[in-house]
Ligand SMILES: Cc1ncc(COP(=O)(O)O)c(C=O)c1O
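Okay, so here's just one chain, in structure tokens, the form predicted alone.
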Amino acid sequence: MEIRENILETIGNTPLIRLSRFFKGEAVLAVKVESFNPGSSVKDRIGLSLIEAAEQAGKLKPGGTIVEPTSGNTGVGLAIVALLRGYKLVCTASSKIPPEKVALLEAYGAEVITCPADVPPEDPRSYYKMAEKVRDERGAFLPNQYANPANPDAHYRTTGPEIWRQTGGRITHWVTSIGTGGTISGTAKYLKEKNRDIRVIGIDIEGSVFGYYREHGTMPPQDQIHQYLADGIGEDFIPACVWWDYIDEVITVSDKTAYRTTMELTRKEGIFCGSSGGAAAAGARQIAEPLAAGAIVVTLLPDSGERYLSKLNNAWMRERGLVE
């Protein structure tokens, strides 16, 4: 019988799909579709990894409370593991995240504290600092996905080996969006240990800091750091989980490119992802276009577009000039 003991056993081993309608060049462009995870996102991988690492280190006790600042997906990944293992979960979230994600977190039993999006990370009202406040006041465990090595380690142990196996070891380029840095870094470390010639390209969004930092080694001027519309990509600081030694290049795309590519991918390939996936697909296509036959470019779609329907609709996107 093929009966899993629980839903956690279905995390990972997501399909790799060639984008033959979205990209017509000589190289192969393929996407790892992470919406096939039980919580519909790549963050299910780290939700399990962060909690298991804490349990093994004795930082989580039975019946304990977990608190994490999240744009939604990590919260869902943590929530699934927490409810199965008897923990309480508090998520602090930016007011920028769509209401669908808040409702989803609450459906899984998490408490959600919404914080203003337009404040710097060090502001006590930010969702980062609010998580620290909850940690201190309630004695909660704060995994801190931005600095916890269990984040990239999840991808070193699972995502990297899956991609290597699915491409028969022939992958030439690994391209994905950068948020906490865990997905790109852990996967890149594994792949480069297998073949140091594999190129690793991060995708950033205008208003974020990664592209400028990769090029100049310093934070951008303050007037270049600003709010953007895409979800789950970019930051206004440099997380410790971004391992620059494994990242060869960063390409920055606009909100308009991210959203238009998201919808193009949906209508050409029937794959509906969030805007960070659209940004990654746009960057991956840019990388793949000049490459000859034999090159295999792999990117990753972190989640499902169903999680953003209040934004991924014609009225909302037209109002903001993202689509014609």
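Start at 1 and count along the sequence shown; that's the residue number. Since the model is a prediction, treat every value here as computed from it, not as a measurement.
From this point on, the text means the form predicted in complex with the named molecule, which you will not see here.
When the named molecule is considered in the model of the complex, S276 lines it closely, a heavy atom lying within 4.5 Å. Not displayed here, the named molecule is approached by I233 to within 4.5 Å at the level of heavy atoms in the model of the complex. Taking non-hydrogen atoms only, G181 approaches the named molecule to within 4.5 angstroms in the model of the complex. With the named molecule left out of view, the stretch that reaches within 4.5 Å of it through heavy atoms in the model of the complex is, among 113-121, 129-137, 172-180, 79-87, 172-180. In the model of the complex, just one residue of 33-62 lies within 4.5 Å of the named molecule by at least one heavy atom: K43.
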